[in-house]
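Below, in C-alpha cells: the form predicted on its own, a single chain.
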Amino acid sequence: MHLTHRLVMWLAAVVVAAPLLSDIVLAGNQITITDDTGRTLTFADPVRRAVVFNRYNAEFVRAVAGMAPIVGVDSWVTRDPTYWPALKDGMLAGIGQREPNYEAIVALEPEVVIFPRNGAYQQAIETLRPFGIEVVVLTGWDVLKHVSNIEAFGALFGNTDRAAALNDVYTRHMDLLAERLAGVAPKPVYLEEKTPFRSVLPGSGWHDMIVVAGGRNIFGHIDIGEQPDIKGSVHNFEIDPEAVLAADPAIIVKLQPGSYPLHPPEFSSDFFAEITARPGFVDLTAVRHGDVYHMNYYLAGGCSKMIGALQIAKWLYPDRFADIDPGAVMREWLETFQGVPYPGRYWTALRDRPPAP
C-alpha cells in the first residue's frame, strides 16, 4: 500500500476529519467533481473566471492555473499585496470567507465562487443561484485532503498536468515523513496561536500538522463539543497555562502573524522575552533546551501544511531528518508553484537569540 495512502488512513482514525473528495470525472471538456458538501457539480468546460475565498484556496488555484482565472478574492488575500502582485483594484469580494460581498461578486461576473467548508457557502449557494453563479466548496487548509483538493482544482481549471506535478511534490514528502517516523513514540508539542495561551484541537489543520510531524498535541485530548463556546474553536482555543506546565512539551511552536516579507529579528526577540518571562516557563524542557520556535504562518501552512509538518518533524527528530531542508521545499513551493521569490528562512529559534548583555 502506498505510504501516503497508509498515512491518510492512519490519520483518519486518530483525528477528526471531513470525508475525502471521492469523485472527479472528465469527459471531453466536461468536468464533474464532488465537493466538500457531497454535492456533485458538472461544468461544460474548464472554469475561466472564479472568485476565491480563503488564502489556501487562492494559492491552490494559482499553483495549478496561475492568476488568470482569479477575478476576485477576500480580504485575507488582499492584505499581503507583495505576495499577490497580480491583484488589481476592484478584486475585493468580501471581508474574509464568512462575509462575502454579494454585490461585488455579481459585478465580477464569475462562473464559480470557491469557499472552504468553514466559510459562508450555504448562504452563498442560495444567494448566487439566481445569477447562474455556482458555488464550489473546497477546503485548502485541510491537511488530509491535499491530493484530492489539488486533483479537483486541476480538473476544475483544466490543468491536470500542473496539478499532478504539485501532488508529486506533496506525496513525495508525505511519504518521507511516514517512512522516517514509522514506529516513533510521538513527542509532546505545544502549538500557540498568535494570541498567548490560545492553541488548537482535533478538527483543526494545525492539529493534523502536528500529528503528521510525529508530534502529540498536548491539547489533542480535548473534545470541542464538550467545551463552552466562549473558549473558542478548534482552530483557536483558550487553554490553561498550568496545563502547558504539566505537559512539559518537547518543543513549543509559536505561530507568527502571516507575512510574505520576513519579519524583523526584533519581532521574534520580543516574543522570546515574553515567553521566558511567563511564570514557570523557564523550567519547561523546551525552554531550557532552546526548543521554542517562532514560525511564520506562510511556512507553517505551506502546501497544505506539509512544509510546516516537515519543519516540525526536523525539530522533533533532528537525527532522522538531518539531510532534509524544509527551506528548500518552501523555496520550491513559492518559486515554482506560486511564482514569487523565496525571501529566506521563515522561523527563528530561542537558542538562536543573542545572549543578554
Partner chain sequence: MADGHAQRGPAAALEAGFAHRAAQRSAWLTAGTILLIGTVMVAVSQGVNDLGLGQVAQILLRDLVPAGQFADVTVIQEKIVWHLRLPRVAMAVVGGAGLAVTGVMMQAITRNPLVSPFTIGLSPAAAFGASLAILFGALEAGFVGKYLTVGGAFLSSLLCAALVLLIAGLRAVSATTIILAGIGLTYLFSALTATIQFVATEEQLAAIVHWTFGSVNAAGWDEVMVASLLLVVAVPVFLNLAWVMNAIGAGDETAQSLGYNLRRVRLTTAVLSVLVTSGIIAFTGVIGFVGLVAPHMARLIIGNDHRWLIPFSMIVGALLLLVADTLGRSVFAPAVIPVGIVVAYVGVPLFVHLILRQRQVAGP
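Residue numbers count along the first chain shown, from 1. Heads up, when I say rigid core I mean the largest set of C-alphas that superpose within 1.5 Å between the two forms. Owing to the predicted nature of the structure, the values given are computational and were not obtained by experimental measurement.
This next part talks about the form predicted together with its partner chain, which is not shown.
- In the predicted bound form, none of the heavy atoms of residue 248 sits within 4.5 Å of a heavy atom of its partner chain.
- None of the heavy atoms of residue 85 is located within 4.5 Å of its partner chain in the predicted bound form.
- Shown alone here, residue 259 lies farther than 4.5 Å from its partner chain in the predicted bound form, counting heavy atoms only.
- In the predicted bound form, at least one heavy atom of residue 100 sits within 4.5 Å of its partner chain.
- A single residue from the set 184, 165, 106, 243 has any heavy atom within 4.5 angstroms of its partner chain in the predicted bound form; that residue is 106.
- Contact with its partner chain in the predicted bound form, judged by any heavy atom within 4.5 Å, is made by just one of 131, 267, 76, 197: 131.
- Only one of 278 to 286, 174 to 182, 228 to 236, 210 to 218 places residue heavy atoms within 4.5 angstroms of its partner chain in the predicted bound form, namely 228 to 236.
- Shown here without its partner, the chain carries 298, 329 and 336, none of which come within 4.5 Å of its partner chain in the predicted bound form through any heavy atom.
- Taking its partner chain as positioned in the predicted bound form, the residues of 116 to 151 that bring a heavy atom within 4.5 Å of it are, in sequence order, 118, 121, 122, 123, 125, 126, 127, 130, 131, 141.
- Residue displacement note: residue 174 has its CA displaced by under 2 Å between the shown form and the other one (rigid core superposed).
- With a cut-off of 2 Å and the rigid core superposed, residue 99 has a Cα displacement that reaches or exceeds the cut-off between the shown form and the other one.
- With the core superposed, residue 240 shows a C-alpha displacement below 2 Å between the shown form and the other one.
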